[in-house]
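The chain below stands alone, shown as structure tokens; this is the form predicted on its own.
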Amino acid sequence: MHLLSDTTKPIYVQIAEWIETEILNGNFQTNNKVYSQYKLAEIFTINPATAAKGLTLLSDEGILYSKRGLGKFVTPEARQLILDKRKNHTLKGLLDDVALEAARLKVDEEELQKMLRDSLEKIEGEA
């Protein structure tokens, strides 16, 4: 399994985002144990300390919780926290970038909305 497609983000952030995506996809449910730092290190061929840093990041955000001696588990509010974070930060940032590029290219709002609708229809057609 390969993870590291975004070379601009630290590996531990990519690990955290991968786990978030697994939670959103339903592969890790509330109160389920997630992979250990050693398993993540094995899966992605990275240092266990780097994997641990990704797990710690998610714990600090309230997405995972620890059971001493047992590992990290998905909090009941994890899914909503991830959705809120991705909507309010990730998606907003992407939209800011798109709006800036649209302004540079003199793409008006109507054309931009059409492009977004076309993209959404394409995604829905693939689902």
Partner chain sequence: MNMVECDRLTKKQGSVYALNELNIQIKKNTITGLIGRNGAGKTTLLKILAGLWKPTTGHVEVLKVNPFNSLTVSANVAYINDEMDFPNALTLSEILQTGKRFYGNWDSQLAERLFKYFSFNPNQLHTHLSKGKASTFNMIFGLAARCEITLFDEPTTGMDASVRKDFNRALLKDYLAHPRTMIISSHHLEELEEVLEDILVIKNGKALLHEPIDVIRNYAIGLTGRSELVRQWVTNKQVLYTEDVGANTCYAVVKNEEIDIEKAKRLGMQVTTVSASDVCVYLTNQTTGGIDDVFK
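Numbering follows the first chain given and starts at 1. Because the structure is a prediction, the values reported are computed rather than measured.
This next part talks about the form predicted in complex with the partner chain, which is not shown.
The single contact residue among Ile82, Ile46, Leu57, Val34, judged by any heavy atom lying within 4.5 Å of the partner chain in the predicted bound form, is Ile46. The stretch in contact with the partner chain in the predicted bound form, judged by heavy atoms within 4.5 Å, is 47 to 55, chosen from 47 to 55, 64 to 72, 25 to 33, 83 to 91. Residue contact check for Lys106: none of its heavy atoms lie within 4.5 Å of the partner chain in the predicted bound form. The partner chain in the predicted bound form is not approached by Leu95, whose heavy atoms all lie more than 4.5 angstroms from it. Among heavy atoms of Glu77, none comes within 4.5 Å of the partner chain in the predicted bound form. Though the partner is left out of this view, Lys9 does reach within 4.5 Å of the partner chain in the predicted bound form, counting heavy atoms only. Residues Tyr38, Ala41 are the members of 24 to 41 with a non-hydrogen atom no more than 4.5 angstroms from the partner chain in the predicted bound form.
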